[in-house]
Ligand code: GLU
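Take a look at this single chain, the form predicted alone, given in structure tokens.
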Amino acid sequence: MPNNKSTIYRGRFAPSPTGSVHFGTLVAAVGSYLQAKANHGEWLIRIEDVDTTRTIDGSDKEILKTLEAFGFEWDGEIIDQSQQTEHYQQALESLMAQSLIFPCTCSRKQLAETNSKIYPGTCRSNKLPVSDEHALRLLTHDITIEFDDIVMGEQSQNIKQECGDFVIKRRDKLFAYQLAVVVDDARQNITEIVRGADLLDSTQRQIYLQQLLGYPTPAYCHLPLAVDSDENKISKSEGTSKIDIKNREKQLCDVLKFLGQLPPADLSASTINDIWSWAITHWDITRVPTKTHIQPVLSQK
């Protein structure tokens, strides 16, 4: 069970080991790091490899090596989601005890044929156990969950009508991200979650799970997503989006500008330590743009 008595600020950066660090990855890392430092708190790293089918061997080590090269300093031990299965199972059993889990035997093709934007509730009446291959879904209630995002402002979503019953454990027996991240944040006593706006719509589902599991709800802060000229997530792009350690000073300053900070024109000529010193001293979360996605302006190499 999480320790709810912690009062110190605890933030985290939770990359997925699916490839190299890109500009968008660095935005989330810098934003979460500076917010932790500004609040005189701790900054933890978690490797979100719950979906082992997408993991690229060695990617986690490459990510950590890049963070070290950029001068990040983290607190505590790094945990891997792939090693936390027993804790996810305990949470699942808690939800089962509340009669909130049902087996779903629908295939992707069957769901696509319904033309429904959310799960239509086809298998809601199913009971465990079932012999057919299945996923486990969480029963959602007709309630509206609201939260005030530190950057994006008031957010509201009716869980049943806008999200629908969502998967907790997949057909391939892997635990779903939504459950894993909630359990991990609670176990690590995370007080504020700073991450990209691509996860903004996931937040209500996670708050719903926190309420069902009796976990505290942390504060949320979603940063603009870095996109290319076609408005595709920049981590999916090639070329300039990939981080080059040789130009780390300029790239760190590019991230600060992307986040609405106002670094001096000559700051990129400083050492990485001096850039961090300036960034921590001048960090102002209210300057972060409230747009969900932005095309960054990158310095020439």
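Counting begins at 1, following the sequence as shown. Note that the coordinates shown come from a computational prediction; the quantities given were computed from them, not determined experimentally.
The same protein also exists as the form predicted together with this ligand; that form is not shown, yet it is the one meant from here on.
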**Non-hydrogen atom contact Cys106 with this ligand in the model of the complex at 4.5 angstroms** = no
**Asked** Heavy atoms within 4.5 Å of this ligand in the model of the complex: does Glu48 have any?
**Response** yes
**Asked** Should Ala91 be classed as touching this ligand in the model of the complex when contacts are defined as heavy atoms within 4.5 Å?
**Response** no
**Request:** Answer yes if any heavy atom of Arg205 is within 4.5 Å of a heavy atom of this ligand in the model of the complex; otherwise answer no.
**Result:** no
**Message:** Only one of these stretches, 144-152, 131-139, 176-184, 157-165, has heavy atoms within 4.5 Å of this ligand in the model of the complex; which one is it?
**Reply:** 176-184
**Request:** Could you tell me which one of Lys37, Lys257, Lys233, Lys242 places a heavy atom within 4.5 Å of this ligand in the model of the complex?
**Result:** Lys233
**Complete:** The one option of Val288, Ala14, Val21, Ala279 with any heavy atom within 4.5 Å of this ligand in the model of the complex is Ala14
